[in-house]
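Here we start with a single chain on its own, the form predicted on its own, put down as structure tokens.
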Amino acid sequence: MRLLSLPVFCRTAWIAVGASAIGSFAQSATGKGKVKVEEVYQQNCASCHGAKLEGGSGSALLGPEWKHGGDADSLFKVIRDGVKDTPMIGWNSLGESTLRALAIYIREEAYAAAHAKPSTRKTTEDNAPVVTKEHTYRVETVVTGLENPWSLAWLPDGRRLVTERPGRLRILDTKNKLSERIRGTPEVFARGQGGLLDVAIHPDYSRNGWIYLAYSDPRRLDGEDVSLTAIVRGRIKDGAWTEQQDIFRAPLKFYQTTRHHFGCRIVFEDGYLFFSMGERGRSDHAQDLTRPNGKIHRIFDDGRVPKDNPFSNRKDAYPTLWCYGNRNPQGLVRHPVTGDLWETEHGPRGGDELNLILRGANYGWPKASYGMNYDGSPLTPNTSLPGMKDPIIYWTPSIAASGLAVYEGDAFPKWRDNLLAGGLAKQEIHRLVLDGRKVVQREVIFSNRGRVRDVRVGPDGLVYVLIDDKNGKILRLRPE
């Protein structure tokens, strides 16, 4: 990336605000008060850099080119330390959590400015070629008329199973015709972010016919509607869901009244089943080993609990836990070559993460994060803490991480072994090139076609994209 002039925060802002205001903002970072980052910017930075970051006596803060780096970490360091021999002073008196929030705010505003102009890209219906670094492809529409599609899985005969979040499981045949909803699937808590979530086919489906569903399980507790992620398996016969078995269902006392952060993705490996569960908006639960939410779990594919799970020696720990400290894991995939388990999860405002999932590890939420609160107030000064695993990469601004896939196929050979990470808010797919367990290259290969809920690689080697909308659809990327 070519780097030119660095936007800097001007010394005149200090004169305009005064030391007393700095003290109040420093207090907010320690939790004694609560201030929004937009207010911090307006009172400390706008006099030099403009109320809308457009620049003034100081540089504009909208990028796209930055002398000292425009990523959140680089901005944080410049704001904290200043720039020698320039009017830019260091603002470490604000506190690290406030400085981190300022860096996120600048990145958000720069992204918004870069995408404010109407896109010149042709629409999906134009079937225009999309040029990426390694491949050129065209977008095809496979099917439309799906209500908030969530997941896609292939049957051995080429038909596909599709879940719709309001609670429908449907079959898409080899001619791309949708069936009616499969009768008898579980009732779901279809409110907020809840509903029918992942669908997965048992690795030995041809022999046993098992299909797995993850969903938000509706219950009543103390007179209130509550829910939690559950997993069942069953078979489809004559258009009906039959022979259902519970694979994971937590005790009712763990169910929550909140309507968000359910997870959930399913991954099979050698007789085991891994799945993700969001912390249900109760951030402190992610660090509580007695609770199932905010964790990645491991069970046998029939629901039994392995005796060698990492916390099996602790009587107070929830027995299925594999790792903890996860906020809302929306992507989970096993790399078929390395065997590594990769996960993407929603951060708060800023700080979505790609994590390498390891046995017994703590991924830090909410004690460590690269994000801030949704209301713009600082969250934590800690992006890393001893004994906690740092993300391999993070996204600021947030992409609203969704489905995750590993590309294995012949249609796009130069993408082989790359991760494909979806994003809802940014309507993007990010290609992540791995060197072992490091991401060495990133590229946005898909954008501006709707909220990406899931990314799948079909048996044909083509990339399938689920667009989450009331009139949702499945798209397919085909090489030029």
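Position 1 is the first residue in the sequence shown; the rest follow in order. The structure presented is a predicted model; accordingly, all values stated were derived computationally and were not measured.
Not pictured, yet referred to below: the form predicted in complex with heme C.
- Out of the listed residues 49, 426, 430, 453, 49 is the one that sits within 4.5 Å of heme C in the predicted bound form by at least one heavy atom.
- Checking 266, 399, 404, 106 for any heavy atom within 4.5 Å of heme C in the predicted bound form turns up a single hit: 106.
- The shortest heavy atom separation between residue 86 and heme C in the predicted bound form is within 4.5 Å.
- Under a 4.5 angstroms non-hydrogen atom cutoff, heme C in the predicted bound form lacks residue 379 among its neighbouring residues.
- Using a 4.5 angstroms limit between non-hydrogen atoms, residue 44 touches heme C in the predicted bound form.
- In the predicted bound form, none of the heavy atoms of residue 413 sits within 4.5 Å of a heavy atom of heme C.
- Residues placing heavy atoms within 4.5 Å of heme C in the predicted bound form fall in a single listed stretch, namely 89 to 97, out of 230 to 238, 154 to 162, 89 to 97, 141 to 149.
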